[in-house]
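First, one chain by itself in structure tokens, the form predicted alone.
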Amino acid sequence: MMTEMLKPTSEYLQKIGFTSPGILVNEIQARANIRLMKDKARRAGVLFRPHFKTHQSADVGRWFADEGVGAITVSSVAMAEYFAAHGWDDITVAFLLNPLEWPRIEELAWELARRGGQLALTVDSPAAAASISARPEVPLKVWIKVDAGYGRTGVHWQDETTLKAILGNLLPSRHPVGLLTHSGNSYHAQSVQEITTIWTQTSQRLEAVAHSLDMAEKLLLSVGDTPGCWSVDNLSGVQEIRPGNFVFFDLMQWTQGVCQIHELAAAAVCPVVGLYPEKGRVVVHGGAVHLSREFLEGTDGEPVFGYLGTLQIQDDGSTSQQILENLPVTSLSQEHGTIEVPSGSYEQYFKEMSIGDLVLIWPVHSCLTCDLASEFRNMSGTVLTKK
């Protein structure tokens, strides 16, 4: 029975040094995920600019560098500064420009330029574009954010007036310009076929924008989302991809059919702090500040904030891992997570567990769970540096 591995999994997690909530990273699998995505981009002839907000770790970043990756995406100026301090010099901040950060932006842009690199910013308004043009001497690249269907930020792809106003404000400053979008709607797709449809629609809409601006041959097109970049066979139509979540994957990607169980490469480690046989519950130190409030819909329609998992380490160092869908995290408070045990099955699942044991929880969204974590360890127990 898979649940027989709960106790050995706990013993293993304790052996490699976990005592409080943290993240277990399968370095071998993460490196394999990086290699596969990098090779796919190379075959398609597109630039691979992975998003580092998923891991936010200088050590994990080195795994990308080991595969020849030289350009990255981040989601804040602070994150750009962190990775610049660890040797990265071709950085796109794929979050809309905050003019209050201009002093830091200018300092970082000049530093990267001195190293032969470049800082790129993202805008979706004429006002933001004008603030860049007011600094023509600052060495920057600029991406115009396009809303190609997600609906969160960006200029709607058919809003030619605003797009031309932004471009008109940027061109006099002679900063290189491109079109960028994030297909966040692909994370809500119900199948790989739907993901492919979203990818095709997104790339076609970006191309349509470039043509409407009479700059089809000059504007680079950049798309970023793991479901599309990982699942779609043909990446044609764009020049750059920016996936991030694929390095670790998560339950969201697994339920979509984007990844397989063995490709999951990061899970939350949570201490057991409460055992309640009479209630059929287990409570862990792993709440909203550890797992986030992201959830899936369970079979009963109720929210699931993660599933318990098990690990079996083979003699050659490889792992066999399982998702225990019958042991969901069903509620969260700030620090507490509650695991519901199937009716009448408590003794079957937890008879060997004790207060202080550790459980592995596969997160719904690894980006948020990893952002919240204070401790990363690989499968050997080595602590990984994190922003």
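The first residue of the shown sequence is 1; numbering continues from there. Because the structure is a prediction, the values reported are computed rather than measured.
Here the subject shifts to the form predicted together with another copy of the chain, a form of this protein not shown in this document.
A.B. asks: With another copy of the chain left out of view, which of H262, R104, R135, K218 would have a heavy atom within 4.5 Å of it in the predicted bound form?
C.D. replies: So the residue touching another copy of the chain in the predicted bound form, by this definition, is R104.
A.B. asks: Which residue, D66, E352, E325, E335, has a heavy atom that falls within 4.5 Å of another copy of the chain in the predicted bound form?
C.D. replies: Here the answer is residue option E335.
A.B. asks: Wondering, does G151 line up within 4.5 Å of another copy of the chain in the predicted bound form on heavy atoms?
C.D. replies: Yes, G151 lies within 4.5 Å of another copy of the chain in the predicted bound form.
A.B. asks: With the cut-off set at 4.5 Å between non-hydrogen atoms, does N98 touch another copy of the chain in the predicted bound form?
C.D. replies: Contact with another copy of the chain, yes.
A.B. asks: Can you tell me if G298 lies within 4.5 angstroms of another copy of the chain in the predicted bound form, counting non-hydrogen atoms only?
C.D. replies: Answer no; every heavy atom of G298 is more than 4.5 Å from another copy of the chain in the predicted bound form.
A.B. asks: Please check if G178 has a heavy atom lying within 4.5 Å of any heavy atom of another copy of the chain in the predicted bound form.
C.D. replies: Looking in the predicted bound form, residue contacts with another copy of the chain do not include G178, since no heavy atom lies within 4.5 Å.
A.B. asks: 135-143, 285-293, 201-209, 228-236: which one contacts another copy of the chain in the predicted bound form at 4.5 Å, heavy atom to heavy atom?
C.D. replies: Among the listed stretches, the partner-contacting one is 285-293.
A.B. asks: With another copy of the chain taken in the predicted bound form, which residues across 61-91 come within 4.5 angstroms through any non-hydrogen atom?
C.D. replies: In sequence order, S75, S76, M79 come within 4.5 Å of the partner.
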